[in-house]
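In the form predicted alone, a lone chain appears below as structure tokens.
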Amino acid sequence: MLVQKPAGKYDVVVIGGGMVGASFACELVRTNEGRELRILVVEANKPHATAVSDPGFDARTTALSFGSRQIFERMGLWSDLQEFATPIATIQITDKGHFGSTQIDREEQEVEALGYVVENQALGTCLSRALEIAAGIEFLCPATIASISPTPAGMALDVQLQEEIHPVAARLVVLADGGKSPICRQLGIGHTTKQYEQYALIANIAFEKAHQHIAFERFTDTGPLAVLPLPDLERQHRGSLVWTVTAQQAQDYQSMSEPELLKRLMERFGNRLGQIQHIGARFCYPLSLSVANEQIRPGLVLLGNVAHTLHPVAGQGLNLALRDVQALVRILTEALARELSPGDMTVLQRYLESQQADQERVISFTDWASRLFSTNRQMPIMARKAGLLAFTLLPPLRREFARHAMGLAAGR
């Protein structure tokens, strides 16, 4: 529920009420229903609107795996999200200018959908509502953390609310405030970072033909080009474009005329859906891999982009974070049942060990894929051809890959 000011003591304080922080808080209170647990969520930005309005052509979106849908179902939120989610029935993977392609279908995987594309406004509104109405969550927004320091019992925080500072004690702080976390800098937590020397150009585009719930992953010499299905809007067949380009291309494409940019895009994507008729507002940001050198300390755990920011190839960032959320809630619930402090280092170490294999697998895969599919050198091209051919000819290999992509193989 929304509160006007914080109390003095909490079992868990979540810093960041975005997709990851809000999901964690909602899942923790749901799993521990009936247990006296005090949870505070501190968010710097104003809550999302209480109603989802018409987002317009340029609505930003997020790709959720089938496994993430299952997580939101358990949280009781999927019924609200479903009407805003576009299912992905098929994924077509191709390599521009080279022989080889493969396709993954929901029928072969025996699932309703391989994944879903959800408009960010709908997802944010749904999670904000859940925070506002949850009886076991105190939601303070907008507010920031002025300072944080460790104590023998957990963490001490100074919460800034307008001009006032409120001291708060927490047995556990869950840090989910994004990849540029000021709290990490305060605590001296560094990150190992690799710059890919690539940019992601993000925009919504309109096609001549309907997408038929197909997601396209096309590999080019500058990196992956993905198009995800979106709902039609005013008879326009929309798709969400994530186009990996060089720094110079990012600069050029931002200012390029629409007809010229559509011509360049058609050269890269082809005419699978007929002519590309329109491209909306363009956004560019540099791509990097960033992994926190410490994900846990006594009384502290990192979640989401502050723990690991990935290359967007295969859209695994948020989906991995939601699996981290699920694992952390499970470990904390077991600890609370044994009357252990949620910030106890042995408890947090169990969480990290439980997710280490999943994190390492996804981080390694996205890093490897970004390099393999962003070059014109002969050896990587041959490896790409062999890989796509193997996926086409060997259904068991394709099914196993799809299970990992859908978030259904973690922890196996």
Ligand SMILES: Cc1cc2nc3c(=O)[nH]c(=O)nc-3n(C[C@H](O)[C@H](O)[C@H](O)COP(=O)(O)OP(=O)(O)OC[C@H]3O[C@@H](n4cnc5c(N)ncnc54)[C@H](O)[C@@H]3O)c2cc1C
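Sequential numbering from 1, following the sequence displayed. As the structure is a computational prediction, the values presented were derived from the model and not from experiment.
The same protein has a further form, the form predicted in complex with the ligand, not shown here; the description that follows concerns it.
Contact check for residue 15: a non-hydrogen atom falls within 4.5 Å of the ligand in the model of the complex. Residue contact with the ligand in the model of the complex: residue 304 places a heavy atom within 4.5 Å of it. A residue is said to contact a partner when one of its heavy atoms sits within 4.5 Å of a partner heavy atom; residue 324 fails this definition for the ligand in the model of the complex, lying far away.
The closest non-hydrogen atom of residue 44 lies within 4.5 Å of the ligand in the model of the complex. Stretch 178 to 186 is the answer when you ask which of 178 to 186, 338 to 346, 204 to 212, 291 to 299 has residues with heavy atoms within 4.5 Å of the ligand in the model of the complex. Shown without its partner, this chain lists 224, 136, 317, 124 as candidates; in the model of the complex, only 317 has a non-hydrogen atom within 4.5 angstroms of the ligand. Heavy atoms closer than or equal to 4.5 Å to the ligand in the model of the complex belong, across 129 to 163, to the residues 143, 144, 145, ordered by sequence position.
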